[in-house]
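Presented below, as structure tokens, is a lone chain in the form predicted alone.
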């Protein structure tokens, strides 16, 4: 196999040069040996002045045995003989994975073939042990949903790994979205040293745990009305060794964050908490703004509130005006410093986070 050889210290620059010119043969893997790296390259590298350019990276072309990559089998490969082209188009492009459980959406037209489709997903994803399908949307005070196991192990409880944390939960008893992993980390990266943070509707604890593990927060209070979610949250604090128990001190987390959990209705609980917070998270997309009247009095001057909502793209600007006016009526001036689309909920409809900097009107 033709390869471009160079010292490891030159590897990144050479790789970038090859990638920009589409010269890497992606059917083979690179090889490292005795301080040198061998990139598989296409024969066309011998043309033009490429060979001369390789000298800039102290690289030369040689023949060497490189391992051929195994061809990945796709969902389409396994289903093309079992579904027609129209049926293939009905299958959603992405599926949600929580721990070792995959939550799939089966269109009504494919319900008779759902088990066969689920078995294919199991075959393709060795880390997945259970396939469930949604039978009800999130609803009720606890924002939970019903699912049905259609393949694999008959279970609905799992341990999810994300951003350095482990989260044990039952996907039917507590609200959780794996698709918010990047959003949770985005919030964590904004947290400053010794912040006191409130997480309303804290669930099984994804936001507090990611903040505790990836930020220098001093104290995080989570309030959750769902007793099942609260039980998982208590267990997850222990599972992740928070509150000073063997917690590593890294460059972003140079102290032991204390997490306090309260099981109760946030509307009843929060007014009785005698403290103010540097940052408040309101991750209840359907009705978060209805709780601004109790959140705003608990935010420090120029503190940040992260308010979530499900919105059609064309309604986002109107929602900003609505939030500003609502906060003004409640006695607070706010600046919307960020508007983040953190996941698509439906066609043209997104989960949106508004980052609000708050200041009490004089």
Ligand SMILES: C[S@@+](CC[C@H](N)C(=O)[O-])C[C@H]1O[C@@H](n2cnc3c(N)ncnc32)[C@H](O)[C@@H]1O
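Keep in mind the model is a prediction, meaning the values are calculated, not measured. Residue numbers count along the first chain shown, from 1.
This next part talks about the form predicted in complex with the ligand, which is not shown.
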Assert contact residue (the ligand, in the predicted complex, non-hydrogen atom within 4.5 Å, options 91, 165, 225, 242) equals 225
As a check of understanding, the residue in 207, 277, 121, 232 with any heavy atom within 4.5 Å of the ligand in the predicted complex should be identified as 207
field: Contact flag, residue 141 vs the ligand in the predicted complex, heavy atom cut 4.5 Å
entry: yes
In the predicted complex, residue 133 touching the ligand (heavy atom, 4.5 Å) | no
- Would residue 77 count as touching the ligand in the predicted complex under a 4.5 Å heavy atom rule? no
(request) Classify residue 284 as contacting or not contacting the ligand in the predicted complex by the rule of any non-hydrogen atom within 4.5 angstroms, answering yes or no. (result) yes
Within 4.5 Å of the ligand in the predicted complex by heavy atoms, the stretch out of 232-240, 259-267, 125-133, 101-109 is 259-267
Across 172-196, the residues having a non-hydrogen atom within 4.5 Å of the ligand in the predicted complex turn out to be 175, 176, 184
